[in-house]
Structures are given as C-alpha cells and as structure tokens.
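You are given structure tokens for the same protein chain in two forms, set apart as structure 1 and structure 2.
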Structure 1
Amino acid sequence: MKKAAMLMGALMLGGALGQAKGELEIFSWWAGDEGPALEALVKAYSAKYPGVEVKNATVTGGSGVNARAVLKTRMLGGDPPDSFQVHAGQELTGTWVAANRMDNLAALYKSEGWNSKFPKGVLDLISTKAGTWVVPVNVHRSNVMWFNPAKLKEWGVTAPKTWSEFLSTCTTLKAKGLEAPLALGENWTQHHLWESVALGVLGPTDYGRLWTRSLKMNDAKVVRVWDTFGKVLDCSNKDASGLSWQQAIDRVMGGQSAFNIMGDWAAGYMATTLKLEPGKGFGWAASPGTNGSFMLLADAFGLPKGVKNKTTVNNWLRLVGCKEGQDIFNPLKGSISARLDSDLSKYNTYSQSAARDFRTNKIVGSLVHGAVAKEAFMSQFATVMEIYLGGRSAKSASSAAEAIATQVSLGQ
C-alpha cells in the first residue's frame, strides 16, 4: 500500500512538473566565461519544467555595469524581467525594495524552511523590517589576490601579506624586468582594487564605519587609503582601460604580471574556462592587509511586481535557493553556496578554503558590488575616482567622497 502511495505521489509530482507551462525570462550579466554556471542552472530548471520556455537574457559588461542601466530602463518603464540578478545589500534594498518594485518572499522562505538554511548575515542583506526580497544563489569573496605559483617561484618572491610588502615586492619585480607587476583591467576593476586597499589600510572595523558614517570620508585615515592606492596603481599596467578582468587574469597566468586583485569569479574562470588546477595552475591569498577578513558580495534573484507568470518565477526561485541548485551553480562559478548545508565535496580546493574563511573570518561588505552603500553613492564613486586619477590628490578625492556621501545621505 505504501509503495503504491509513493508511486502515485511520484506520478502526481511528474504531472505537476509537466503541467508547468509558459515563459521565464532570466535577466543577468553572466555571459561568456561567466555563463556556464547559469547555463547549468537553466538546464536543471528545464529538466524539471520542460513545458516552460526559458529565455536566458544576458547583458554583457563586467560587474553588471551595463546590465543595471538596462534593468533600470525596463523596471521604470513597466517592463520588468521575470527575475533578475541583483547584488544583495543596498543595491537591492536601497533601490528596488525602496521603490516598492519587488514582491515579498517571506511566505516562500517559510514554506521552504530557508530561514534556518541561510546565515543571518546573508539574510540581513536581503531583508528589511517589511519582508525578505530575493533568494541568494551564492556568496563571492571580493578581497582575493591571484597569482601563478610557478612564476612567483621563478622570480624568487612570495605573495605579500601587507600593502607595504606588496610595494616592496613590486620594486623587486620591476628590477627583474617586470614592467607591470600588478595586472589591472577596465575602470570598475580599479574601483574593485580600491575597496581592497581600503580594507587593508583601515582594517575591518574602520572600513565598516565608513558606511555608517561614523568615519568620515575625508578623515586622515581615508586620505591614507588614497595615498596607498596611488602607490599600488604605480605598479600596474598603463593599458588597463582596454582590458577585461579576464584579460588581466590572463596576463598573470601568462607571466606578464605577477598579481591581480579580483573577486573569486576569477577562480571560476581559471578552473572552468582555462582548466587550471587550484593550488598548482593558480594560487591565491587574501589581498594585502586583509587576512582574517572576508569581503562579501552575494548574487540573488527575486520576483518583480507586475510579472505575468508568478508560478514559473517561484519555481525558478525554489531551484535557486535549494541545496541541489546551489551545488550545481557554485562549483562552476567560483563562488560558494549561500546555504549552511552545501556539499563541499563537490567544490574544488579554492572554494573549500573560501567556505572555511567565510565561517571564521570577520565579514564585511563590498562597496563596488552593492552590499554596503546605496546606488546613489556607488554610481558617483566613479566621479571620485576620476578626480583622483586626474590630479593624484588624495585630499581632493577624500573631500569629493565626503561631499557625495553627505549629498546622498549615505548610511541612512
């Protein structure tokens, strides 16, 4: 009798899955080398819901710079994607939740038992007093320094642990004929570098105080961040603006540069696309001065208000949030699961080390990737960077950052 009931249940489930029909547009910036992880998740969705036509809508551009501009046009124009990629934190809550453009997913979290499956720190980034707004698919680490172990051995240097040691190592490498020890890419990667320098110079407590406004942007400590940042830039390639982040990584792997500071989607690129073995083909360390700190960003998907078929979207969110879905996606992406119960045997040695650090390190949020500052400040940080690069004045950059922070009411 029990077997018959189980069989009937399986048939009913299969029928329910087969009856799911319609379309599902998934909007993201995961294209090219970042595409395989999302494609694997879409494939899993299509296997569960074969009657649903999935449109994998990607807008190319590192860190979602271009995608966010397209998304804003669509959301404000009344044409939201069925579900879109967004960074957890202020990029989500300070923009789309504040504008009342997202459905509350609290009931979904309750039905799936997710409130006990995600860490409190992650839940805090995706929730307000009014509800829970998205489902995190991963956790990335921003503050990672990548290198080629064989080349460092050849050059007789080791991965520097502080920014002072980094600058000394760069001097040594330049004397050996390496013109640009640090590989940099297009503009947003310079902003990404800045936040690692800031964390390394300020430490996690003062770095966190920047975003609550208890440490002003023009404080002498922050001026020192810009001074250090300028010295680090002097170690980099002059053609950075013409390179993608992947091309900057390629220079490190090819021995034209020694180091690159990038989030651990770079691990996904090196392991999945370049087929390099973690620890042998590529090495890593916390960016200088940040050992013991984990600078977090998390990608997530939600349910915008006004979509036509909530059923297909909710089924997508269930897959995104379940253990199976996260363990399909993250080993390919270079990220770790946002859940507490992921199967680490499915992850490579880099991701296993990141998961350990996530559980033991001091967690801080990324500026560039939407965690700690509202979009109004994050977008205008580009102006601060232009001011600094134009005159290399640390005081001018700090003063500009403070003025913008005041203007946009950062921290409120």
Structure 2
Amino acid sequence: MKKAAMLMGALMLGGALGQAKGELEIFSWWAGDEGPALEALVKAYSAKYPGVEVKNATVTGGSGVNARAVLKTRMLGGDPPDSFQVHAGQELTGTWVAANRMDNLAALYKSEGWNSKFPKGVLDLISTKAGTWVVPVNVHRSNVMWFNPAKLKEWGVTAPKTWSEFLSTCTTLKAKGLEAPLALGENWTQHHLWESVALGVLGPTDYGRLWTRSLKMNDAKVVRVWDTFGKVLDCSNKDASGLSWQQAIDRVMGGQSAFNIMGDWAAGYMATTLKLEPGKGFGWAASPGTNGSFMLLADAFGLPKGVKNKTTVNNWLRLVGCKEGQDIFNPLKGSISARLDSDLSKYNTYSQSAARDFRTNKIVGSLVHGAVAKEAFMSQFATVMEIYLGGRSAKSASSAAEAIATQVSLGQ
C-alpha cells in the first residue's frame, strides 16, 4: 500500500514537472507532402512561445485512417494528446463531442471574435447547441474534376457540366479509342466519386437532407444516384483498386484518361510534385452538376478534456485560428484558409479560384471525409459500396444504406 502511494506520488511529481517545462503534443496525420505545412506552423508557435517544447506526434496514413485508430486507443486509455487533428463535422461531433471528450471553445471564439470570421457553413460543422468545439485550420474542396487542357483540345471535347453530359462525353471518348475516360483509384476514391455524383444528381438541398434523414436513403431520388454512379463507373479503368489517387491523376496527365474527380489536394500534387502550372498544365471545374456548390472538408484542432496545460493548448489554437497562422499553413498545404479574410495574394491560381468559390458558393459537407455522417455510417458505407459493386443493383445498395443509417441512428 505504502509503495503504491509512493509510486502515485512520483507519478504526480512527474506530471507536475512536465507542466512546468511546458510541453505541447500535437497529434496529426500530416506526414510526407503535408509535413512541411505543419512544421511551418509549429515553427511559428515556437517563435512566439519559446519556452514550450512542441512534440509532433504524427501517424501516417491518408485521411487519418491509421491515426484515428491510434487516437481512439489513446483516448480510451486515458492518455489524450494535448491537441489532435480531426475532420470538422460528424467525425468530431458524432464521435468526440457526443462522448463528452472535448472542451467547449465558445469563450475562445468570443474573445477572438471568430464567430464572424469563419463562414456559417463551417461554424455549423464544428458547433452543436451546447458550444463550439474545434478551430478549423484549412478547407479543402471535394467536388473538383481535373483534366489536362491540352489533351481535351486534342480530343475535341470540353469539361462536361452535368452527369448526363459527362456520360455522352464518355461515349464520344470511348469511340475515339480511349478505354477509360474517367480515372479512378483505390476504394476511398470510389466513395469520393460517389459523393460528387450524389451532389450532382440530388443538388445541394436534397444532398443535405440525406444527412438529417429528412430524405430517406432508399428514396427514388437516391436510387437514381446509384444508377448514375453505375454508368459513371463504366467509364472508369478496371485496375482502379490497385491505384493510389496520385496514380489516378497520373493517368489523366499522361493522357490515358480524360477526367478524374478528386479533392483539391490533387492541385498541390500536380503543382508541387508534377511541377505543372495551374490552368495550363492542368485544368479544373466543379464536378458535373455541382457548379455553385462547394463540398468541403476541413481539418481542425481542439482541446480534449483532461489535458495538463490548457494555456499552452489555447495559445496553439489561437495561432491555428488567426489570419497569419492560416496564411502560413495553407499555401504550403495546398488548401485554402477557413477564414473569410485571408490574404489571397499568398496563394496560387487554383487556390484563389477555390477561395472565391468558397466565399460565394453554397457550402455542403463531404461524406468520405467525415463532415456529414458519423463514423459508424461512414465506415459501413464501404459495405454498401460492396453490395452495389457485387450485384450492380441500385435498389439493394440504397436499401442497405437505409438499413445502416437506421441502425446507427444517423442524423441524431
């Protein structure tokens, strides 16, 4: 007993020492291409608060597939990182806020005056009735169609404006010997394509109603989404599930395919890694039927309950949310600022056009990237996709989606 008490004492002392030194552990999945953006932000933090030692805890894996599992084991084990990256939307509110694991940041928003600096569409994603929970650091657009302008000219086609126009363009291109006019990659990029098709077929209002459950997943309108999706899939390459999203982009740039639907991190890949000039080397348009809508996903940082030193974390959040911090981070990351007042001159041509759309378009949230549906639905959507790909039956896919939505009580 005595020994146990001494051990506890030693542990508490250790904790106290850690606090005195001032440590800040930032948990994210930003490594590789995205690493420098985070490092720049950390550097800015260290310059402002030199006494604090920043620990960069990164778990690699696109879209946080591995990081989220590690985060959950840490949180369940009672060892929360000081601040962790999370997708704004249901991935935050449906998982962490619902479990009462986050501190309310409403006071911080008030003191920094952020409630008027972020657009309402973003604030809706990160707030519940009880409060505001994270600070968004960036915004990506999901519904973008990429192409190679020179190649399109060669084939004599233009970027289609609707999905039916897309399908006729697809037929034209197939007649010209292009086997797979649409480039597609591994599983999640197929889900990514689905959400663009859904937004294009349903329009922003009905698309939004899907997630509040006022439009049933097995409604005739949604069955039509699956039908269209199937026809679009017929335009794509057969080796899709073996390709990363970068390889799918490579197909388009190499002229083996004409179009690719991907989030606008693809712009960063094409501009930085492939060294193509935005607008000349690669072109873009809103994915068919979604002009005027901005399907967003946003990364954000919050303050988990039970962290040792709230002040250092709050300082971090202040930096993440301020105009300077966002304009340091986003040009390097290839995303745009979540704020309405960022300095557009610091961004490249693509990002400027995205930022203009962000300020004027109707904002909707992405399914695949955690904005609109809780993780239980998001993860099991893969099963729905399997059911569809297995039998190509729009009816059974949509009734499976409806069954899962009911089972996980989506939208509550």
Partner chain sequence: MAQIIQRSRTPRPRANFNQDRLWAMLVILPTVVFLGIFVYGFIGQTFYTSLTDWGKDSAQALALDPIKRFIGFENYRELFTGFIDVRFRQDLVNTFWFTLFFILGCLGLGLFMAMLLDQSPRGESFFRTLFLFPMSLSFIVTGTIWRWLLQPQGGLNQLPTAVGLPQGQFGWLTSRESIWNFNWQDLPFFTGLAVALVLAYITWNAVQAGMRSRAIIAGVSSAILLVWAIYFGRGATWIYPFPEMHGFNFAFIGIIMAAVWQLSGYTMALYLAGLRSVPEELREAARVDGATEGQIYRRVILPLLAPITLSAIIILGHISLKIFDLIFAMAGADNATTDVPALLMYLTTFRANQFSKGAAIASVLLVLVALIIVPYLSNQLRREKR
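From a predicted model like this one, the values you see are computed outputs, not experimental measurements. Just so we're on the same page, rigid core means the largest C-alpha set that superposes within 1.5 Å between forms. Reference numbering: structure 1, starting with residue 1.
- Annotation: structure 1 represents the form predicted on its own, while structure 2 represents the other form.
- Scanning Ser168, Lys174, Val201, Asn138 for the location where one rigid part gives way to the other between structure 1 and structure 2 picks out Asn138 as the hinge.
- After fitting the larger rigid piece on its C-alpha atoms, the remaining smaller piece is found rotated by 14 degrees between structure 1 and structure 2.
- For Thr311, the Cα deviation between structure 1 and structure 2 after core superposition amounts to 6.6 Å.
- In the rigid-core superposition between structure 1 and structure 2, residue position Ser127 carries a C-alpha shift of 3.1 Å.
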